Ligand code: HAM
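Before any questions on binding or motion, here is one chain by itself as structure tokens, the form predicted alone.
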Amino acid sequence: MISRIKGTQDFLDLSFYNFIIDQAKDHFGAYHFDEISTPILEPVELFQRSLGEHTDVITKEMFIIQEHAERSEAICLRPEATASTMRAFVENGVQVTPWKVFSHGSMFRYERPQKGRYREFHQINIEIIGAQSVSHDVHLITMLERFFAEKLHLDTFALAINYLGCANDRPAYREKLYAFLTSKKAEGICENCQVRREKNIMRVFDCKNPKCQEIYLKAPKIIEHMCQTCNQEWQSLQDQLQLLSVSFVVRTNLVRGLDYYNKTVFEFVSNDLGAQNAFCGGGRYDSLAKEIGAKQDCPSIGAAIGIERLMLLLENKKAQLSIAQPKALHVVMPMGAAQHTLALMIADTLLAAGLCTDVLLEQDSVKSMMRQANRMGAAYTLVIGDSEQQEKTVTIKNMITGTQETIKQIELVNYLKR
């Protein structure tokens, strides 16, 4: 037997998955976000230039498609969607800003599979491209909080926020952080953090090593080394969230894992998910447009929701959610080959009337067909034998109550709709 690739999954029932997507479409549509779609295949260079050469995604997690000898293009399976969305914005010359869009689909990262983490995983991405004011940050975060709390009825999550300052704040802060990381106070940091200290210093805060995290509690904080404008925006962000009744905690070591982030960063987390506790995260990326080839910067903010992790959180709440139930199934059962044509014609009539219908066309006993219809979850079976064919009738059995009745074929649709 050939098994699926490790870190991937089969969805044999999409009702729960589609419920989340449908709720997202309804909610984000109400906030005037348009749905878009971008390719799963993208140039490797798009992510090398946007995510940062020393991020884990680039150094360890990219699925790069092997080049053909006669072609020089380097292609990968997209590891995230923000860079793809910005590429679509720049390449297609979108003029209207803010461009408020969302998308959903598969992302790919080569990493060790564990609870809530897959090599092929699914995300909903939300972006506001051309968003200068910090009030856009508030609007996006509030929209997400309302989605989780009011649409999906989650009550075991928290919002963590931080502010990373602007490009002018970074050089002085990096110097102070480097001095701390090379002092006795930071003795004992892991080898990975020692590498990051030299190559991409703010990534040290992404380390999951408990000892490192304990050390970093004493590290200089970026929010204490920001310019006046960033301090004002940071305060405005907190004030507006409080006025909108959005609860949050400030987590000064929150940096997110990608280099394009600046200023506002945030995560929605839940202890119900274990170690991988973030199910939504995002932030500002004011310089991303220029990084991928635009003539000028385009201040923006976005977020990604991990659908698998959201499904884990909602698993115990499915009964409280208005997940669409399958339509009542009507199974047409011809008793022999002589009734096949009539069975197909009756099924066609039921389908035209909007009734969910299937036909059993294998030669079998009534008892076996009834068992099969029961396994299929049929609400009604419609038996057509020699007598029904001659008398232009159908014998209908209610699979829930066990009652049955023979009616004229011409009255079938009205009877079933009642």
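Remember, predicted model here, so these are calculated numbers, not experimental data. Don't overthink the numbering: it's just position in the shown sequence, from 1.
Absent from the display: the form predicted together with the ligand. The rest refers to it.
Contact annotation: the ligand lies within 4.5 Å of heavy atoms from the stretch 275-283 in the predicted complex, the single such stretch among 163-171, 237-245, 275-283, 313-321. Here is the short version: of F148, F102, Y216, Y261, the single residue with a heavy atom within 4.5 Å of the ligand in the predicted complex is Y261. In the predicted complex, at least one heavy atom of F121 sits within 4.5 Å of the ligand. Interface residue remark: A304 is counted as part of the site for the ligand in the predicted complex, having a heavy atom within 4.5 Å. The shortest heavy atom separation between E111 and the ligand in the predicted complex is within 4.5 Å.
Within 4.5 Å of some heavy atom of the ligand in the predicted complex lies at least one heavy atom of R117. Taking the ligand as it sits in the predicted complex, the stretch 122-159 comes within 4.5 angstroms of it through a non-hydrogen atom at Q123, N125, I126, E127.
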